[in-house]
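First, one chain by itself in structure tokens, the form predicted on its own.
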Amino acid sequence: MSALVSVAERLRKMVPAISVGVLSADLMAVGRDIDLLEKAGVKILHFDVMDGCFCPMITAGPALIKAVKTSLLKDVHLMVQDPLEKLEPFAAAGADMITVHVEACRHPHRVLQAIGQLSVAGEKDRRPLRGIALNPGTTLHVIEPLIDEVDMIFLLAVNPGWGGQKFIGSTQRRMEQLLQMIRESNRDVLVGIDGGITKDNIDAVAKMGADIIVTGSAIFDGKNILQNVQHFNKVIANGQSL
């Protein structure tokens, strides 16, 4: 069994699940916060990488991803312009999942092929899962020529890089359309929702059918990380069972 298959199978056994944004943690005590996430049952850590070009903010890079020592899957979301030549350091840093934006790629098909040829953390037989993300204003039709090359598709429910945004309601309709596209493709592709997820809307979001729900500030809200994770996990499990 290849490492790629084993990572995919490991992820399949986890979902539905939350992927928790590391940048919302206390970066002066990130090790402590990640330990709390592990104890709370989190299986996936989400790293938002912004370059100040594709979106206005500049955040973390491969150094932070490598520095985080954990058994959790590292879910790396590249919000960077022209990512093709920038992929290898993220895989070397331990990215188990690499997601790029179709809007940021001149040649998205080639980028996905390149991700599939990388080795995670120097392990020759271990390949990162390939993901694409779509901004709220991007038509779903761009997925059609790429669907044979992806393992995951994420719909953003906010525009990347601007704080304080609310969950965009049309995401529900887009998720219904995406799930239909995947069914028609006969491929086993994971789907995710990213952005604007709060305690107030997690119930509605969980019922949309996503395998992975990305959240950060709602977990690290200065209160109880354990209780927050337990609340999200319970709501997601209930939502997916309906």
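In this text, residue numbers run from 1 along the sequence as written. Keep in mind it's a predicted model, so treat the numbers as computed, not measured.
Unshown form predicted together with a small molecule; subsequent notes refer to it.
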Please determine, with the chain shown alone, which of 156-164, 116-124, 136-144, 86-94 has non-hydrogen atoms within 4.5 Å of the small molecule in the model of the complex. 156-164
Interface check vs the small molecule in the model of the complex: of 44, 190, 178, 50, the one with a heavy atom inside 4.5 Å is 50
217, 201, 70, 185 - the one with a heavy atom within 4.5 Å of the small molecule in the model of the complex: 217
Though only this chain appears here, would residue 79 touch the small molecule in the model of the complex if you measure heavy atom gaps against 4.5 Å? yes
My question is simply whether residue 196 lines the interface with the small molecule in the model of the complex - judged by any non-hydrogen atom within 4.5 Å. yes
